[in-house]
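A single chain, nothing else alongside it, follows as structure tokens in the form predicted alone.
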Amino acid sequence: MAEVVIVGAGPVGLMLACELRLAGVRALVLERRAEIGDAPKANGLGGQIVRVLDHRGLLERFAAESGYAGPVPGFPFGSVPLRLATLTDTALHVLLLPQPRLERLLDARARELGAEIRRGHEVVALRQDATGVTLEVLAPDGTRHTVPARYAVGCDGGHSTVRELAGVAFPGTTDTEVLRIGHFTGNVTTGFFDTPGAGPLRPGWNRTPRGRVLVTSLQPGVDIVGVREAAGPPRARGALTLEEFRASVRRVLGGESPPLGEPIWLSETVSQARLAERYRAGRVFLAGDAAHLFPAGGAALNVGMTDAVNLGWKLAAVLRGAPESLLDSYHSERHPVGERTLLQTRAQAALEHAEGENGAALRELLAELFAYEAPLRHLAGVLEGSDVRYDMPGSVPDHPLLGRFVPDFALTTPGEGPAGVAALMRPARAVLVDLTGEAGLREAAGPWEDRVTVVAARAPEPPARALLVRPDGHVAFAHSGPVDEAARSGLRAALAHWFGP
């Protein structure tokens, strides 16, 4: 029997399967689709999740399949450009990787680790009691069977069946505009389209009185064209056609459609801003789009996949004997992150919607403001997710690293030579990095060595004398003073809170 059943084999569900398997948990993934799709719903990852992949030893492997991996010199906030290259340190990391390729890489990694993935299996019913969850599943041959588990996690998207079956409300709003996106075999790439009747289109979003048209490219030979306009009457069911796409572009431009190449993929969507009222309903959890939908792009996978990393180690810890109450911290930590991301993406959407001279004035003034280092650095942290700071009960609260994602500083361990903190996080275990040169903290952590890796190390410029890093990379204990009884007591309290007595 699986200990955890994950519903949905998108990037979030597959990342969770990897995390659970690293912790030795029997994980089963159920996916309604028969196979991985070809639709590039997302063009890559941006934010903290890129550093998390480095923690798991996956960044180099994934970057080999990517068009670009690393910090970016600029990024849009709504339609206002952020000139990140002016900052003295790295502010925002991206990994350009179309979603189908990302899913295939995560699928391969999950299978390597021993996760079972069943495609073509649709969850149609769910019940739970004090000991477990039972899912009713429709198999590819049309038969129904039940799947028992200790816990279930819905990673099944914005129209989540798991969320509905668990009775979790999903309040929010739906946009008044429709977005149509097309990927085309291109010969224009980052150049200009010369559109009869509308003039040339510059790379990026082009505004008209009737909407906006996007022209860009993220890989050679593929043009991305998008169009936003007020949602009209509902169109007939079925896939968006090339002629419907061209007609939408013509309406917004008030002229001819640009010379598009052969369509690779076309889609139509209406943005939503929604947040699940709770991320936990008994033994059922929500992650990714099942828990939140954001009205501006660029945040969904970063937040969703870091949801999975936060939840995975906690499920594993409880299954191995940690207090059940640990699972409540998934909602208390991640729901505010969803709220915060909803706030900033609503702000971006508002900037996009602001039209006419008033909208232009707002964007121009904000562009001036964002040129200053302090607001630029703040917004870069918001987009990266590096502004996330969890409450850490049981620890001295005034250390600047406490609750934050651990910085990857260089260190040397006995017998191992030079390394970095990221290299210590590969097994997805908690790590106590002891830089004191004394035995006091290591002795205090001794009773937890079955759950926490204790590493004595040296570092030229350490940010603290000791750090307890949770498997998700967040600092649960940080100490820079003497190794006295207060320090040992604080460490023991943090260890007991997060990893059990």
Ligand SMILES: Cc1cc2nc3c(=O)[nH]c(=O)nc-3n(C[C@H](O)[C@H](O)[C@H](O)COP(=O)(O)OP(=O)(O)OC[C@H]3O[C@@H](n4cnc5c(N)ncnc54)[C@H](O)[C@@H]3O)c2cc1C
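What you are looking at is a predicted structure, and each value in this text was computed from that prediction instead of being measured. Throughout, we count residues from 1 along the sequence that is shown.
Omitted from view is the form predicted together with this ligand, to which the following refers.
- The site on this chain is blocked, since this ligand, superimposed from its pose in the model of the complex on the surrounding C-alphas, has 3 or more atoms within 2.4 angstroms of backbone or C-beta atoms.
- Checking G157, G359, G211, G132 against this ligand in the model of the complex, a heavy atom within 4.5 Å turns up for just one residue: G157.
- Contact annotation: of the candidates R163, R280, R228, H121, the single residue with a non-hydrogen atom within 4.5 angstroms of this ligand in the model of the complex is H121.
- Shown alone, this chain has one stretch from 79 to 87, 406 to 414, 331 to 339, 291 to 299 that lies within 4.5 Å of this ligand in the model of the complex by heavy atoms: 291 to 299.
- Contact annotation: A42 falls within 4.5 Å of this ligand in the model of the complex, judged by heavy atom distances.
- Contact between A476 and this ligand in the model of the complex is not found at the 4.5 Å heavy atom cutoff.
- A residue is said to contact a partner when one of its heavy atoms sits within 4.5 Å of a partner heavy atom; R32 meets this definition for this ligand in the model of the complex.
- In the model of the complex, no heavy atom of L16 sits within 4.5 Å of this ligand.
- In the model of the complex, the residues of 1 to 26 lying within 4.5 Å of this ligand by at least one heavy atom are, in order, V7, G8, A9, G10, P11, V12, G13.
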